[in-house]
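Given as C-alpha cells, the chain that follows is alone and in the form predicted on its own.
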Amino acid sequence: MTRDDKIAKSLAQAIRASGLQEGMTISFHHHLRDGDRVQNLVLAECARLGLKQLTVNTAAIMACHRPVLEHIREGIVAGIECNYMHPSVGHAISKGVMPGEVIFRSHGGRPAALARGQAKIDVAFIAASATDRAGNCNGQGGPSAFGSIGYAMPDALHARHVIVVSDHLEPYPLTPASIDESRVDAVVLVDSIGDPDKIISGTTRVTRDPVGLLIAQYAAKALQASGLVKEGLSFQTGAGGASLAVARYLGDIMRREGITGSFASGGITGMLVDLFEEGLFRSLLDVQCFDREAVRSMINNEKHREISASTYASPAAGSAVVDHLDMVILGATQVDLTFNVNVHTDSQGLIMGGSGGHSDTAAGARLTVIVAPLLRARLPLIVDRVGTITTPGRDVDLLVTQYGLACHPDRGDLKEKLIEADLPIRDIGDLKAKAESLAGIPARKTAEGRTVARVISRDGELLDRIRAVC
C-alpha cells in the first residue's frame, strides 16, 4: 500500500497494518441494514488473527449480525456500543451472554460522544458500495448501492485508522466522494459488502391495519389543528407502518391546502420520496435510505441531500437538522403517566430495539407526536413507569391512540387547539384505565439482575439501566 494506492492485498493485511490490538475498539455502520456482510466478515477475520476483547461501536446491531454472539462467547468481542439492537441479539444480551455492559446512545448522541471524547474508535471499517484506490468512497455507486453513508461520516472523522471495505472499484477520482481520501488509510476489496435489497424491512412499509390507519388519521388531523401545517413546514416520521401512514395523510392535507414544505428528514423512505417528487417538499435531508426508492432518488436528485449523523442530530454540533424540525411522528413500545417513552425493551424487559433518532428528534422538534395502539399483544401501552426510558417525557407533546389523544400537561395550548378541532382528547390516566379494562392489569415485573446495558442520553448522561432477565 502507498499514499497513491491504498488497496490492501487482503482484509487480514489491512487489519495487521492498522495496529489493531487486544482491547481496542472497532466501528461499523448499518446502512445495508439486514443485508450487511462487512461486520461479520471483519469479526471473523479478527478471530482468525487471534484478536480478543474487542469493543464493537456501531450505529445498529441488526438480525444479520447474530454471529457477534459467538464472538462474545469466545472472548473476541467484550463490549458493544450502539444505538439500536435487534431482538435476535438483544434477548441474549438481556440473559447475560456478555459479561460487560452494552452502551446505548442515540443517532445524535453517538457522534456527539466521539466529538466530546466520551467514546473512541481505534479502527473504523466503512462499508462503501463504490471506492477508488485512494479511498474516496460513497454508497451510491456499484451493484450494492445503499444511498446515504451518513452514519459512517463521524467514524471517518474521529477514528485513529480508517479502512474502506468495498466490492466495487472505480477510477480515481471517485465522484461524489461522501468520505474523501484524506480520512482513509486503507482500502479492501471483497466479493460482496452485502445485499442492498435487505435495507427494507417490515417496519418500513405503510400499515394496512385499520387500527393503525385510524391512529394515523387522528395524528394527521392533530398536526393540522396544531397550526404547524403551513407553508415551509419541516417534517420527519419514524419508519413504523402507522408513522408512514401519517406522512401519507399529511400529504393529502398539503395537497388540498396548496402547501409546500421546506424539507423532510431522517431515514428516507419511498413515501417521503413520493411527496418530494410531487413537489410537496423542496428538499430531503437524508442520513439513511430505508428502501431502494430512496437510494434512486438520492443518486438522481441534488435536492435529495446526503447528511452526516452529526449534521442530522448531534447536540455537540453548532446546530443540527433536528433543531429545525416543526413536527416528528414516532412510535412507542410503552408510554408512562409522565409521557416517558420506551423503545428499548419489551414487556418482559428483554432488549428489542433502541433509540435510533427517537430521542434526538423528540428533543429538537417543535411538536413531538407518539403514535401507537393502546393495546399490543393484549398488553396495555400505558404503564405507571416504562421498563426503560428511551425518550424523556419532557420532550413528548402528544400521544395518539385509537381510543383518543393525550396531551402533555405542559401543552395546554395544544390541547385547546385539538379540542376545537373536535378530536377525542383524553387524560393519559383515563387511556391507561381504558386499556386495563380491555386487557386487565398486567403483573408488574421488576428486573433484579445485574446491569447488562446502560442507556446514555444524547447529552452524555446516564438515562437508565437495563437489567438482566433471568
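Only a predicted model underlies this, so the values are computations on that prediction, with no experimental measurement involved. A residue's number is simply how far along the shown sequence it sits, counting from 1.
Omitted from view is the form predicted together with a further copy of the same chain, to which the following refers.
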Exercise: D346 in contact with a further copy of the same chain in the predicted complex, heavy atom 4.5 Å: no
Find out whether any non-hydrogen atom of F263 is located within 4.5 angstroms of a further copy of the same chain in the predicted complex, and reply yes or no. yes
Please tell me whether any heavy atom belonging to P315 falls inside 4.5 Å of a heavy atom of a further copy of the same chain, as the geometry stands in the predicted complex. yes
State yes or no: in the predicted complex, is some non-hydrogen atom of T269 no more than 4.5 angstroms from a non-hydrogen atom of a further copy of the same chain? no
Among R296, K230, R305, R255, which has at least one heavy atom within 4.5 Å of a further copy of the same chain in the predicted complex? R305
Only one of D167, D336, E181, D395 has a non-hydrogen atom within 4.5 angstroms of a further copy of the same chain in the predicted complex; which is it? E181
Stretch from 270-278, 132-140, 101-109, 244-252 whose residues place a heavy atom within 4.5 Å of a further copy of the same chain in the predicted complex: 132-140
Since the partner is left out here, which residues of 1-37 would have a heavy atom within 4.5 Å of a further copy of the same chain in the predicted complex? R3, D4, K6
